[in-house]
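Shown next as structure tokens: one chain only, the form predicted alone.
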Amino acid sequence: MHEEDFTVTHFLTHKIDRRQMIISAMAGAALLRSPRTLVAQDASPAAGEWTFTDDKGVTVTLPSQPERLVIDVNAAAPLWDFGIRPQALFGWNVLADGSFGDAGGNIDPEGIAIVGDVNERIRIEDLIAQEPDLIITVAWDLEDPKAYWSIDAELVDQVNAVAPVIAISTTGMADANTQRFAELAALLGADLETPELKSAEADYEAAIQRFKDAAAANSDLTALFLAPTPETVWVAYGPDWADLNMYGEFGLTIVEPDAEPGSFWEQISHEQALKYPADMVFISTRAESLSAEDMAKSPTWSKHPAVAAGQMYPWNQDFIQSYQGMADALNGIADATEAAEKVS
């Protein structure tokens, strides 16, 4: 998202003007820096080297396992749950007061440097000072080579010159993305067999089953996911969101707005509150969003069947793709589905 767009909505995902960048390198040839090498995807790492192919298809190979990690908050939260600790954080979700909102999950900021925030997503000089081995973020667009969350397109080359960048998808299916974070965490040194993580994994699997059971038992219910501000309302287009896409695959009927694939939202006015009747309304928990109380007091939304019935529930738009994060999200939707009644 460009800065001017962000200040207006804060809800749109990072959409960057498409530019073509072709990175071609032979195995062993230095690119942008030494000894770090961004290699072609079919190159084979030598003994002792560390390699990872991210969700954009970019393979990064380093001389050894990276230790100094600079991570966007949206990637740091799931990696934290898997046991990975960042050297520094950056990104849209580092708020002005130093907090991370719901995107931060279980992150403890004590002793972690900040090299970018809501006002300046990543600061090159601060990034350089951290001497990172690897930079990790997420991506809403896997096709555009310069579309990274919290790294503006014009800074991608500069950031890559400091350390290689890898990204995990926030589109597709959240369950698949969670496994990708687990895979990356293991390569970064996490032990996925600890009792704590095995317990978290079991809780996550139980939450999936509970969600499916709740959706099947209440298959007549419909859900609407919104990011409402005082000025406008953004209606989420489920197939573009990894969490909503997963919920739909697991049996939840999500109201689909008039939006083009890849746009993530339809923007409507408050006067159009009745455009999409539903039995449940899930409201983004970002700070800019209207509350359930605000919606109930609205002269238009108060007439919406779900709002009138008090069937409004929180939606963490910055869903955390870890066992713990997705278990919390799945159980929250299941709680709502089990409690709601057919009103539309």
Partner chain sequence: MSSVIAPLPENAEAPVAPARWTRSALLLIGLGIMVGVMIVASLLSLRFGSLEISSQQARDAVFSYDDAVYEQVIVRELRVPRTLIALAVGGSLGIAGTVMQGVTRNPLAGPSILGVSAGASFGVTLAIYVLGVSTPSQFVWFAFPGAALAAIVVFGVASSGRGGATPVRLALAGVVVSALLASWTSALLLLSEETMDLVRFWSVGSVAGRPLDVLWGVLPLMLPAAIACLFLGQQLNVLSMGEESARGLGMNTTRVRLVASALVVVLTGSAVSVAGPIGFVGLATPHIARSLVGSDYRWVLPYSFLLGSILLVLADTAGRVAARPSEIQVGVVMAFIGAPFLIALARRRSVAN
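From a predicted model like this one, the values you see are computed outputs, not experimental measurements. Positions refer to the first chain, counted from 1.
There is another form of the same protein, the form predicted together with its partner chain; it is not shown, and what comes next is about it.
Among residues of the shown chain, residue 49 is not one whose heavy atoms approach its partner chain to within 4.5 Å in the predicted bound form.
In the predicted bound form, its partner chain lies farther than 4.5 Å from every heavy atom of residue 206. At the 4.5 Å threshold, heavy atoms of residue 230 reach its partner chain in the predicted bound form. Contact annotation for residue 300: at least one heavy atom lies within 4.5 Å of its partner chain in the predicted bound form. Contact with its partner chain, judged by heavy atoms within 4.5 Å in the predicted bound form, is confined among 95 to 103, 73 to 81, 209 to 217, 189 to 197 to 95 to 103. Among the residues 255, 268, 107, 88, the one placing a heavy atom within 4.5 Å of its partner chain in the predicted bound form is 268. In the predicted bound form, its partner chain lies within 4.5 angstroms of at least one heavy atom of each of the following residues of 270 to 288: 270, 271, 272, 273, 274, 275, 287, 288, in sequence order.
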